[in-house]
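Form predicted on its own, single chain, as structure tokens, below.
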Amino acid sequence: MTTAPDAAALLDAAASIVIKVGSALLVDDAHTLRRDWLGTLCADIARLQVRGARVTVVSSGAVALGAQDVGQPRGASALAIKQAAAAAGQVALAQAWRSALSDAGCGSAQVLLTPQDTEHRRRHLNARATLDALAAARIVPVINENDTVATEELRYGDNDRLAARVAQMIGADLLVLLSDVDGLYAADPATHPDAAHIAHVTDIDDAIDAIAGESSSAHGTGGMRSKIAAARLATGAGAAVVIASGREPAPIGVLAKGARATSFDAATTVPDARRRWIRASLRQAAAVIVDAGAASALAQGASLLPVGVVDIEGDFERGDCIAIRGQSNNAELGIGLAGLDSVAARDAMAAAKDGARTVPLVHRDDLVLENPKTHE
């Protein structure tokens, strides 16, 4: 019988880590940035980079930092005040992260996302490509929701969910949700001091949902309930999740030394989760017909190259979900996310037949086959 990995073991093994930092950790009750604490976290991040990990940060705090600057303008709506605070505070937040990461020896970049950037496939691919390029350059992306344009009807709701979507987008191994508590308890420890700590969750079921509460922070929008919702998203996409306390200096270092936390098992491997996500989420915009050689290559785990495409039915944009069918009987072999639009795909087909090298029409990571073993 094997022992489930604890949070420290998950952190040590992860090659790609998303760290979510909430407002209550970054900003004190006087709306002042906790610079010393942030410096210790960035030193943790630098150590992760030195050992070869890819680190992505999702950081709240813009609204909390900008609130005093904006005040309460006469005649402004509550949403407009919040968005103005986000606009003012985002400058300070980005500068703080850049300074602290630079002091730790890391490069940084600001990335602001809205739900369209992770839920719409073309924008998802563009955002993923940007984050991949930053990772290749060893630059730490600091991501926040673009609250200056988000509305209550069209927003993530909290950065726990945003962090889960980012982990899903980049295929992270681990999502660390730094909180004001050291994990999940059987009851709210603020009102039940003797509540049992839950160190490991294999499956997020109704019982886990029932014990999650709401945020008690003056600045944060998420509570344990939002963290459980985020954990469900991330584990379903193949990332393990850890909820840990961020109150102490160097919280990642403390976690690595065995601090108490709650870990959640990844539901599946990353490629399988991503493919199930594609299968469940998308409609087919068009279809491509492939020859027997391409069908066989796909069954062996290859990407779909334009040279193997014999026809394209309909038009599509980059990032659309397209059907892939066999030439012999028009049977559906699978579906995938197009890496080219239909115009570029037709041009690539012609170029490939003349012997030119081309980029994949559908990358293997963005491909779901109906039955790989039968499409020879």
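From 1 onward, residues are counted along the sequence shown. Note that this is a predicted model, so its numbers are computed, not measured.
The same protein has a further form, the form predicted in complex with a small molecule, not shown here; the description that follows concerns it.
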{"query": "Candidate stretches 337-345, 38-46, 319-327, 62-70, one within 4.5 Å of the small molecule in the model of the complex by heavy atom", "finding": "62-70"}
{"query": "The small molecule: the contacting residue among 108, 303, 235, 144 in the model of the complex [heavy atom, 4.5 Å]", "finding": "144"}
{"query": "Answer option from 173, 158, 117, 182, heavy atom within 4.5 Å of the small molecule in the model of the complex", "finding": "158"}
